[in-house]
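Only one chain is shown below, in structure tokens, and it's the form predicted alone.
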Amino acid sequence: MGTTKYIFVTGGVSSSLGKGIIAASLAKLLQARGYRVAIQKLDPYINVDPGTLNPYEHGECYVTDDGAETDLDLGHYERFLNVPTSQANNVTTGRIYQSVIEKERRGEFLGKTVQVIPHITNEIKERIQILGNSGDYDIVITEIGGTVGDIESLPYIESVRQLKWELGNGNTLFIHLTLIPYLSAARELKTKPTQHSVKTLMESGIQADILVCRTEHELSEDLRAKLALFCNVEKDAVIESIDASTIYDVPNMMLEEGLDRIALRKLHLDQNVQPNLEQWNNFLQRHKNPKGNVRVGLIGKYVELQDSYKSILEAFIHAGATNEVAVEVVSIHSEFIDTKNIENELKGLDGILVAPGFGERGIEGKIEAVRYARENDLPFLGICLGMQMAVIEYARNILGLKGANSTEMDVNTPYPVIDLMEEQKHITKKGGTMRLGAWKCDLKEGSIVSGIYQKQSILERHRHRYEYNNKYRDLLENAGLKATGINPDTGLVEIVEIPAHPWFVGVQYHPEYKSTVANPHPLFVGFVAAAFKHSKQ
């Protein structure tokens, strides 16, 4: 295929309508037709990346193989497409301005006044086209964060307006995702907010080619015709996106609505190859028709906001489908767990996952949850901070090292079984300075993890500053907490297990980031299988 085609997805009326899911669903359909597709996200906030953002404010921070801390929508892109993303797939306003200011400081603009147009817009256009210019993709879908009309989004809207004319007819496509609210008092759907949203987009010089309408009720033919007339789009380009029971239904719903067919027609691309969604629909079939169910406790510090653990929740869906069981995830706030109520909080669970996080709040509750899983032979999976809590719990309650802790929580702990990595000790800047991205790990033969992965060496994504302290390794191993995964370059312990326990694994990395519909993560698959076995007992 010749020129790379670009699809831009904007949002109107309200935030959180699901631009990422629509973008990922369209990408899935185009990929299923044989096209090479990439998705990227442009975020209008001024942070350089989401790494320094509070999970309560922005949901989880997703990490790519190349160590980029990105928006959680990149997780959706990977889960749908089964294609790794990178630094190039997520751009923030902070990164754009940082780059332009650095160029100005180097004298690259030769004394010119640096302005939003052309300098900021040129930088944005350059970032948008990095994936397209690589030659690896036929179609690049770009999701523009925020809502049309926001001040923050204006430079992005202007940049894609310019690109439309620079790339020529038939090489760009604009999809506008909007809300059709239902007024229960009037018992009708209202189109006026959408009309105003499209008008706002047109004032910026962009005409929507396709209108995707989020709705709780079906759109009538009359309503579609009205939207087409008032919004200057063809009637078949008014797409209904009704509430779905699972996000994994959306590609099939968009297929039924003809979103991919209309997009291909408007981009002058072949529509004749029918999408092959066999693997996708097999997954959906297993997900929707489980033969059993398990209850897993998710012990975390940010459980009030589901998006804080988005990748973990999705990984459970993938692993549940593989095991043909429904996984009921019970979110439990670690701050409210103590020795008095733990039995009541955790009873009836078939497995416990202690989640990642930062800081000392809720730490003792996590340690108590680990102890409960260990003493009651409950399948246990600890991720990042969860693995560190497992080491602390073992040191305190099995080795008797009173006051054992991580130096993150207690700088003066007498037994720093978890400590700041040597190379982190002189770092003062917080953004992008953790141990990030994919790192190698060698697995010990005969361990639970080597049986799960069916290989001796793995590559997993990390996001942390503190590590297992090797000074305590012999003590811990001799007492029964085995180090079964080691980084070959640093000698750092990445995985711990208790062989005497039915299923007890703690990992320093984030397996949830690599779980996709096509490749559910083996660690989650193994954990859910162990939980299901426990439920039978």
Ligand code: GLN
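Every value quoted in this text rests on a predicted model; they were computed, and no experiment measured them. All residue numbers are counted from 1 along the displayed sequence.
The protein also exists as the form predicted in complex with glutamine; that form is not presented, and the subsequent description refers to it.
In the model of the complex, at least one heavy atom of F358 sits within 4.5 Å of glutamine.
Contact annotation: V296 falls outside 4.5 Å of glutamine in the model of the complex, judged by heavy atom distances. Taking non-hydrogen atoms only, R465 approaches glutamine to within 4.5 angstroms in the model of the complex. The shortest heavy atom separation between K482 and glutamine in the model of the complex exceeds 4.5 Å. Shown here without its partner, the chain carries Q31, R33 and V140, none of which come within 4.5 Å of glutamine in the model of the complex through any heavy atom.
For glutamine in the model of the complex, the listed stretch (249-257, 131-139, 394-402, 381-389) containing residues with heavy atoms inside 4.5 Å is 381-389. For the candidate set E408, E364, E158, E314, a heavy atom within 4.5 Å of glutamine in the model of the complex is found for exactly one residue, namely E408. Residue H510 is the only member of 501-537 with a non-hydrogen atom no more than 4.5 angstroms from glutamine in the model of the complex.
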